[in-house]
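First comes one chain, alone, set out as C-alpha cells in the form predicted alone.
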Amino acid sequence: MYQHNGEEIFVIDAHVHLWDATTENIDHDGGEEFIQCFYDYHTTFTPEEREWSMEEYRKYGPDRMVEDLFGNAAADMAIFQPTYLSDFYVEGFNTTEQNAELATEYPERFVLNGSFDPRDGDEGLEYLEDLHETYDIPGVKLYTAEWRGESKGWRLDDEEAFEFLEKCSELGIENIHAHKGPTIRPLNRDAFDVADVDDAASSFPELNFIVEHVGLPRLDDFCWIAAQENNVYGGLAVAAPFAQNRPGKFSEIMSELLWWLGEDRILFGSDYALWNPDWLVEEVLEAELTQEHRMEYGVEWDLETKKKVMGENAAELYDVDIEEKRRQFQDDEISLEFDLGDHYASEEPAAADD
C-alpha cells in the first residue's frame, strides 16, 4: 500500500496494457503511426529522466510490467484494458488472450477485461460469450474509433452495439470502459466523441460506463452527461499525467470532475505503458487544487477523496475486498519477490521507494 503523508492508500491502477508494437508485428502504416503517437504522448507528459527509449517502448514484456506496477508498491492491483487494433497489428496490439497470460499468473493482482466490436455481428457475440466462459471477465474495454476494413469506427448507441450491451447485461459483465476523448493517429477524433455514451447509459442502467480519459478534450460534454447518468464514471488515464507538468490544468480537470460527478465516480488509471505508475502515483497524490479553483468549485483534493479515487472506487465496481487483499498481499509471490511484506503487514508501512 502506498504511504502518503503517513496514511495508507490502496492503489488500483484501473487502466493498463501489455502491448507489442515491434516492427515485426506491424501490418499497416497505421500501426507505426499509432505507436509513434503514443510515444509523443509519453514524452510530452513524462519527466525527462523517466522517459523510455522508443525501442523499449515498442515491447517491454511481462517481467518489466510487473516490476513497474508493483516493484516499489506504487500500485497494489491493476486492471487490463485490451486494445485489439487487428487491422494494424499482425497479432493485435494487446488482446484479452495476450493479457490473460500475465493475469493468469498473478490472478490476485490483475483484473482481466475483454472487449467486443459490434461490427463482428454474430461471431462477435459468440466471441464475447467465449471470453466470459474462459476468463469470467467482469468488464470490457471498447475502442469506437478502431478501423475495420472500410469502416473507421462505430457508435455505442448503434442498434448493433446495443445487442452486445444486452449480452453483457445477460452475462453479468457490468463494467463497460470506453475510450472517449483523445485522438490517436491515424484514428478519427469524432469517432472517439463522448456523445454516444448518453443513450447507452440511459438504456442500460444496470451497467457501469467508465469513460476513459474523461472525454478530453470534450470535458464539458462528458461532465454534462455524467451529471445526468449516475452509472457514468470518469477514468483519469491521460488526465492524470497533467499533474506532472501542467498542474494548473490538472487542478481545473479535477475540480470540474469533483464538482459534477463527486468523489465516488472517478477512477485512477496510468494507461501504462503510456505512463508509469512508479512516478505518476506520487505526482497525482502530491498535486494540489489551486486556491482559485477551490474557491470557485468548493471541492477538495483531500485524503479521503484521494483514497476513493486511487483505489476504493475501482474496488467497489470490481468487488475487491481491500482488507482481504491486504492480508493476501503480505506474502504473495510479488510481495516476496520485491520484499513488500512490510507494506501490508504493519500499521505504518514502509514508504514506497522512489
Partner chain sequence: MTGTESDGSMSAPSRTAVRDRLDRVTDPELDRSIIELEYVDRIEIDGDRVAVEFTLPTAWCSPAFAWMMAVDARDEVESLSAVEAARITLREHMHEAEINRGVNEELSFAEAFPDADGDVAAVRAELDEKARVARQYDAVETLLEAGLDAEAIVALRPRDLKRPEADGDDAAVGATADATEAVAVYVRDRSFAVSVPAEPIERYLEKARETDLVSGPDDVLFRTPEGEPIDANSFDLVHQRGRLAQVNMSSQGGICDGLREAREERLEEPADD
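Numbering follows the first chain given and starts at 1. Predicted model only: the values in this text are computed from it and were never measured.
FYI, the form predicted together with its partner chain isn't displayed, but the following is about it.
Peer 1: Which listed residue (52, 301, 45, 318) meets the criterion of a heavy atom within 4.5 Å of its partner chain in the model of the complex?
Peer 2: Checked against the cut-off, the match is 45.
Peer 1: In the model of the complex, which of 169-177, 109-117, 74-82, 253-261 comes within 4.5 Å of its partner chain (heavy atoms)?
Peer 2: Stretch with heavy atoms near the partner: 253-261.
Peer 1: Applying a 4.5 Å heavy atom distance criterion, does residue 196 contact its partner chain in the model of the complex?
Peer 2: It does not: once its partner chain is placed as it appears in the model of the complex, residue 196 has no heavy atom within 4.5 Å of it.
Peer 1: Would residue 40 sit within 4.5 Å of its partner chain in the model of the complex, counting heavy atoms only?
Peer 2: Heavy-atom contact with its partner chain at 4.5 Å: present for residue 40.
Peer 1: Consider residue 326 of the chain shown here, and say whether it contacts its partner chain in the model of the complex, taking contact as heavy atoms within 4.5 Å.
Peer 2: Judged by the heavy-atom cut-off of 4.5 Å, residue 326 is well away from its partner chain in the model of the complex.
Peer 1: Heavy atom to heavy atom, is residue 59 within 4.5 Å of its partner chain in the model of the complex?
Peer 2: The answer is no: residue 59 has no heavy atom within 4.5 Å of its partner chain.
Peer 1: Establish, in the model of the complex, whether 95, 126 and 130 all lie within 4.5 Å of its partner chain, using non-hydrogen atoms for the distance.
Peer 2: No, the candidate spot makes no contact with its partner chain.
Peer 1: Would you mind checking 81-102 for residues with a heavy atom within 4.5 Å of its partner chain in the model of the complex?
Peer 2: Residues within 4.5 Å: none in this stretch.
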